[in-house]
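Only one chain comes next, encoded as structure tokens, the form predicted on its own.
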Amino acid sequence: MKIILISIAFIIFAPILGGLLSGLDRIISARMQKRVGPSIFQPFYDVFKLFQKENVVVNSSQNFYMICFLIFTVFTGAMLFTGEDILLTVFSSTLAGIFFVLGGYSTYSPYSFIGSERELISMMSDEPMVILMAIGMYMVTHSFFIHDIVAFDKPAIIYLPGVFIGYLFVLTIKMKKSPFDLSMSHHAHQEVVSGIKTEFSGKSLAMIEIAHWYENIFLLGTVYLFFAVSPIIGILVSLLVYFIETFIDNTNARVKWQWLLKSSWIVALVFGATNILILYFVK
């Protein structure tokens, strides 16, 4: 019963929090560019407007893939917040990303096609560090279950500083922030054509935006795990990480995919794998 209630709470409140964070992101970005910026509720207005527009599609399968992308993104977040297996949440998150890529490929648009290829490269770049994060959590708490990780009597960051640094690095990729927003751009400050989302409109585009809100809350929830012994500190650090990502997004130009792949694997090896090896021999 408790799992059902938490899942329902996540389904209702996660898009509200995610939308508000997105609105705050736009305001901060505007202020950094010496503009007033839109209302904090503008992302909600945009999504409501998209739901009222005609849903023009190249083929029906692209909507199917985006529905699956949204469902598995919600499922991933619900698994995290109900304390399920962290490895399953990683696999579920990857599966959601695969559906997103398939949706882009299914449109036969050259822009979406390139965006999908870039999204696959992004997934290849961030997944090693995400798996190292899950392994690190297991080595510290001796459990893959998130409720055990949260209940651990010490903050995981004490044992996993390198893993945390590496995870923060790939978080920029996961949140699709510049300089790693290769597959698409949220703020149109990189390209006019929006990569993988180019051929999506109306309800399907609204679903992508909502899925992104769910995904951001899920990702901030994983940051919280490093400080779970102190909920207030965990929430504050998660919010601080989001603002840092917004700052990075507005102060860096997009890099090439070769640099993305190379830098993320080097960071995973130097910070993540080294931390895991030290933990293995010391703990």
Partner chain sequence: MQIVMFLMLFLILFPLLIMLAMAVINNQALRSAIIKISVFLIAAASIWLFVLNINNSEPLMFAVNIDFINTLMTSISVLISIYIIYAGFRDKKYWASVLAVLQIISSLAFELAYSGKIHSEYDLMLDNLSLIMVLLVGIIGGLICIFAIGYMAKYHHHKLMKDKSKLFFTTVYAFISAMFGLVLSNNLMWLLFFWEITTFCSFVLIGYTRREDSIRNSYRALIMNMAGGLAFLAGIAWLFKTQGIIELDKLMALAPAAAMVPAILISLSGVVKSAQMPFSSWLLGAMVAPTPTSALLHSSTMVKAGVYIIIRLSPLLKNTPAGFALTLIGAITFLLASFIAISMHNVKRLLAYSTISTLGLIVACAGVGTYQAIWTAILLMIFHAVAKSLLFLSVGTVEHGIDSLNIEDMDGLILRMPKVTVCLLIGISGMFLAPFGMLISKWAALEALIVANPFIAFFVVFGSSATLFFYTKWMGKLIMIIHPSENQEKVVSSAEWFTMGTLSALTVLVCIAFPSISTHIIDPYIRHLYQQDVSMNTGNIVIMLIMMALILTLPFQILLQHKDKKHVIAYLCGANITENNLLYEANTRFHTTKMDVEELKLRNYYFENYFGEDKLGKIGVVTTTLLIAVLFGIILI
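Numbering follows the first chain given and starts at 1. Worth saying up front: this structure is predicted, and the values here are computed from it rather than measured.
Keep in mind the form predicted in complex with the partner chain is missing from the figure; the text below concerns it.
The candidate spot formed by Y159, F226 and F243 is out of contact with the partner chain in the predicted complex: none of the three has a heavy atom within 4.5 Å.
Though the partner is left out of this view, P155 does not reach within 4.5 Å of the partner chain in the predicted complex, counting heavy atoms only. Proximity of W257 to the partner chain in the predicted complex falls within the 4.5 Å heavy atom cutoff. In the predicted complex, no heavy atom of A9 sits within 4.5 Å of the partner chain. For the chain shown alone, P128 is a contact residue for the partner chain in the predicted complex, at least one non-hydrogen atom being within 4.5 angstroms.
The partner is absent here, but in the predicted complex a heavy atom of V57, alone among V237, L70, L220, V57, sits within 4.5 Å of the partner chain. This chain appears without its partner; in the predicted complex, the one residue of F144, F169, F81, W213 with a heavy atom within 4.5 Å of the partner chain is F144. Counting a residue when any of its non-hydrogen atoms is within 4.5 Å of the partner chain in the predicted complex, the hits in 96-120 run I98, F99, V101, L102, Y105, S106, T107, Y108, S109, P110, Y111, F113, E117, L120.
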